[in-house]
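Have a look below at one chain only, the form predicted on its own, in structure tokens format.
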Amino acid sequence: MIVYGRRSSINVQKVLWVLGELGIEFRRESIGGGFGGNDTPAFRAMNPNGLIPVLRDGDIIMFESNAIVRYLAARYGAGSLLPTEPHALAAAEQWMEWSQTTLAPPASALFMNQVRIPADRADRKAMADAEARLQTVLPIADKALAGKAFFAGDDLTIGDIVFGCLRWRLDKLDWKQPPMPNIDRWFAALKERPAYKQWVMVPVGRSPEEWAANEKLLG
């Protein structure tokens, strides 16, 4: 098992966290960002988009982080990360999609303008719009977690993975977070999980310079 991608990438973190939860041994190669290597013919043969992560599992080669997460959960975590009970499966799939389509866009806009773009070029309106959107959508997820340990019930599933990676990043940014006691409880539980600690709870930085330094540090 080989994962191609740098540890600082949130999409790579999804895959690494899942592998850690499943106890699967793997090797990782630092590709993309400051490491480069994602525009070589060899890499493009695996992913013609030139993006990370890429997973090689024997003779199976995959790109697209959410698809990789689903594949790993189906092949190695059926009944756990990928529920077999219909109601839990439906919830896991739903919240994975919600996290990607509803939460990720404003979270990414806030992150890019606070961390990846120099402060003098940051889009203040985009940040304000992203913050307003987050304050609207996060209470939806908070309500869904009422009375539940995780989004699909008592156990961690693919429904928590995308949101869990975004939540760590959002926690390191400068914005006014709405009251979300259920998300806070869920987040506290994630931070106790060894695989989450190892692969997701990494330095984020507050500037392009800090981000680049952390990226090199993480490898």
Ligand SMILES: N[C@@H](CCC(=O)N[C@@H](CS)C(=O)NCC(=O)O)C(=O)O
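Just count from 1 along the sequence shown to find any residue number. The model shown is predicted, which means the values in this text are computed figures rather than measured ones.
One more form of this protein, predicted in complex with the named molecule, exists but is not displayed; see below.
Only one segment in the set 171 to 179, 44 to 52, 190 to 198, 151 to 159 has any non-hydrogen atom within 4.5 angstroms of the named molecule in the model of the complex, and it is 44 to 52. Of the residues given (D57, D184, E64, E29), E64 alone sits with a heavy atom within 4.5 Å of the named molecule in the model of the complex. When contacts are judged by a 4.5 Å heavy atom cut-off, R6 counts as touching the named molecule in the model of the complex. When the named molecule is considered in the model of the complex, G164 lies well away from it, no heavy atom lying within 4.5 Å. Within 4.5 Å of the named molecule in the model of the complex, a heavy atom is found for none of S99, P105 and Q135.
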